[in-house]
Every structure is written in structure tokens, then in C-alpha cells.
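As C-alpha cells, one chain now follows by itself in the form predicted alone.
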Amino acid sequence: MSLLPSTYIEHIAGYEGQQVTLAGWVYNKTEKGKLIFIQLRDGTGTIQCVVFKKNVSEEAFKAAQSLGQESSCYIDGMVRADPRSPSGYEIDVRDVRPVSITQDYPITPKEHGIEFLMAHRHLWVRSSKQHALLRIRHEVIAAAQEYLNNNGFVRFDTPILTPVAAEGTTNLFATQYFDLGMAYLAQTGQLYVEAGMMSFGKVYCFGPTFRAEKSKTRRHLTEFWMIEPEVAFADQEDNMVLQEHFVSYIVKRVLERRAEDLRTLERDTTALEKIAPPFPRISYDEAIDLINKAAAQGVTVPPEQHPLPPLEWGEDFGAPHETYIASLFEKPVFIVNYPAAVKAFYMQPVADRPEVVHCADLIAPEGYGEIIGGSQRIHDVELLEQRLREHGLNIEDYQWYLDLRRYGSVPHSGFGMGIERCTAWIAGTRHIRETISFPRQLYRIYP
């Protein structure tokens, strides 16, 4: 005998006037004498189930009375249209069959502190706003892969354990790897996905990445998920065109398929509805000028309204600088051609300005900061060897990566999009920690 329900709440409209069996958890319950109102959730939605004493057995009514918040149960009943209901329907209950009766659920409808909620993350993900955030995350991932799959990209999985650094040696998680020395949790799949690019032309990898940065900002996690496309015979302009179509596709699909979740989060989608190619582009030099002029005028930056700090040429942008630049545009904006000194060793220098490289950070509107980092890669083996030495890296550790330039090298470009940062922007949540099931941060690894 199947334990599955006869339908799910998201499909309830197709069962008006019919009897159904739902299986789920009690999100909330109100008792009014001979009436019990149960808000039942099943992972696909929430619906009100009305238990009227005269319509059910004495045993079923007592069972309904026994259900505490987050008790699990089966509910049998008739589907009735009700325009007052958020879903447009409710259930006239005929039977209630408890599976597990819960009392004293820790997360009640009252306010809880963030530390308490993070310590109970395994339960907090059941709440309506966290549920909506993670559904949007799912849609971002599905849309990203769908776009790439539909445009000729091959998924090329890359290792999580690596023998060398990809982007710098100061933010690595290290572990002893049997008798072979140290291994490191991957900062990116990019170096390995370039090997796939040389085989298939257009590839992407998708998986967890790790950064041991001692950062406590709302934009940082030590473990996050990144999707990284790489394209052969593509320069930086090709790369940016791909990114703006990719991001626009993701936003459009989330707006179409997760509208109810966005409403649950009270997300104003006005700005999102304007996201379409092309995106504006400004150079690092132009951004520095804009920032320093604004700083001289005493411009403050939300949300804290701190004064915008000035920058020297050659410094990397902080969150206030990205927020200010984004505020000047309605769409995500590319900041291109950063100084080589603040970027990774593999980025292609600009021909007439070797102190800067062909790269771009895509900055999201509304203060959400960088969601994509990308670049054109060095395709000349001698120049790549030189850059490795300049970064103090051991050439022997990168011989396989240099081989990609020795045998059939071509100009190529790629980027990495952080799933959590993209989700935070689209969902409108200020804290990236809520866009992943179990956030790993400098001060948290439990649960």
C-alpha cells in the first residue's frame, strides 16, 4: 500500500469538488469550539483544513485536537473553492490521521533572535520565508543549468580536492591527503573546467567551493555554490554578452515560476522586471573617478548610511563602493579592466595597458554587490609561466595547466556566478546566510 497522498497542495485546483488525501505538517492551528482550523503544509504549499465536529468521527476530532505545531498527519476531505483563502481553496475535513504528534515545537510564531534561529536551522527551513528563499534558490539553479544546457554547454564536473591553489594561497582549507602531502578544498573549478573547454568548446561546472576568508560580512560564506561556464574562442566582450543573457534568463524564469514565493518575501519586483540585455559597462578607472568624486561630496551609502570612503587607483572595491556604483544604474553593471595586482594570475593583460587585465565584475542593483566575476584567460604559455612566478607559485604544480597552452591553445573566457549571491539579490534578502540550507561562516559550523 502506498504511503503517498492522492495529490499535493500545489495541484489542489484540479480537484475542486473531489475528495482528496493530503499528507503534511501542521503549520498552525486554531480551535473555536466545534471548529478546528488547521493550516497544513506539504512542501508544495499551504492550505486551510476545516474540521467541523459534526462532519467527522469523535476519534478524528480528538486526533485534530491533539495535533501540535509541526505534527505530521494525513487529512482526508473535500476540496472547496473559497475566494477568502490565499490559495483560493480549502479542505472540508472528513478524517484526520496523525503520523507523529509534536508538542512544544521550538520555533513558534513569536519573534526569535537570529542566533537562536541559526542554531535551529534544521527546523527554521520549514518556516514560510525560509521555504520561499530556498525554493527561489532551487529555481535559480534550475534556470542557470537550463540556459547553459539549451545553449550547447556540456556539464564538466571538477574535483573538490585539489593539489594547488587556484586563486591565492591565503584563503585555503587544507587537509592531509594520505601520503601525498596536502590537499585543498577547491576555491573554484575554473582551472579544471578549462581542460573541459579544450575538449568540448563550451562547458560549465557546478558545485560547492570554499574560501577560508576571515570575513563576517553579510555577503560572505566559507562554503558556497558556484556555476562556472567556460568558452573557447571567446574574448571578454563575448563573455559579458553571455553573462547578461544568462542572468536575464534566470531572473525572468524566477519571476514567472516563483511569483508566490516572491510575494511571501514581500519582494518588490519592479526593478527585477527591467532586467534585460544589454547591461551597462564602465571601466575600473571610471568607477574610481565616480567613487572619489562622490566621497569628496560626502555621499553616504545605505543601509548604514556611512560616508563613502575614497580609493586609491590599484585598490579593490569594498561593499560600499559596489553599492554606490550600482545605485547609478537600473540594471546590473559591469566594471571592467581591473588592475592586475588585485586579480588572479590567469587573467589576460590588456595589450596596451599590461597593468590592467581583461576582466569584469557584474554588480547587482539595490546594494547586493558582485554576483559574477569573469575574465578572458591568458592563452600564451610563456606569459602564464611569468604570471605564476610573479604570484610566487610553484611552476611544477601547474604543469598540467600549462599543457593546456602548449597543445592547441586558443583565446578563451569564462566566469563564475555565486548561487547564494544571485539568490539573495533576486529574493531581496539582505543576508546571504539565508540563501543556503546550512550556512558555513567564520563563527558557525553547527548544525
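Bear in mind that the values here come from a model prediction, so they are computed numbers and not experimental data. We number the residues from 1 along the sequence you see.
Beyond what is shown, the protein has a form predicted together with the RNA; the following relates to that form.
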Problem set entry | Stretch in contact, per heavy atom within 4.5 angstroms of the RNA in the predicted complex, of 275 to 283, 144 to 152, 198 to 206, 219 to 227 | 219 to 227
Exercise. Is R258 one of the residues lying within 4.5 Å of the RNA in the predicted complex, judged by heavy atom distances?
Worked result: no
Exercise. Applying a 4.5 Å heavy atom distance criterion, does I371 contact the RNA in the predicted complex?
Worked result: yes
Exercise. Is there any non-hydrogen atom of A319 lying within 4.5 Å of the RNA in the predicted complex?
Worked result: yes
Exercise. Might I395 be said to contact the RNA in the predicted complex, defining contact as any heavy atom within 4.5 Å?
Worked result: no
Seminar exercise, completed: Exactly one of D352, D104, E312, D268 comes within 4.5 Å of the RNA in the predicted complex through a heavy atom, and that residue is D104
Problem set entry | One residue of P159, P98, P86, P307 in contact with the RNA, assessed in the predicted complex (non-hydrogen atom, 4.5 angstroms) | P86
Exercise. Though the partner is not shown here, which residues of 38 to 73 have a heavy atom within 4.5 Å of the RNA in the predicted complex?
Worked result: Q39, Q48, V50, F52, K54
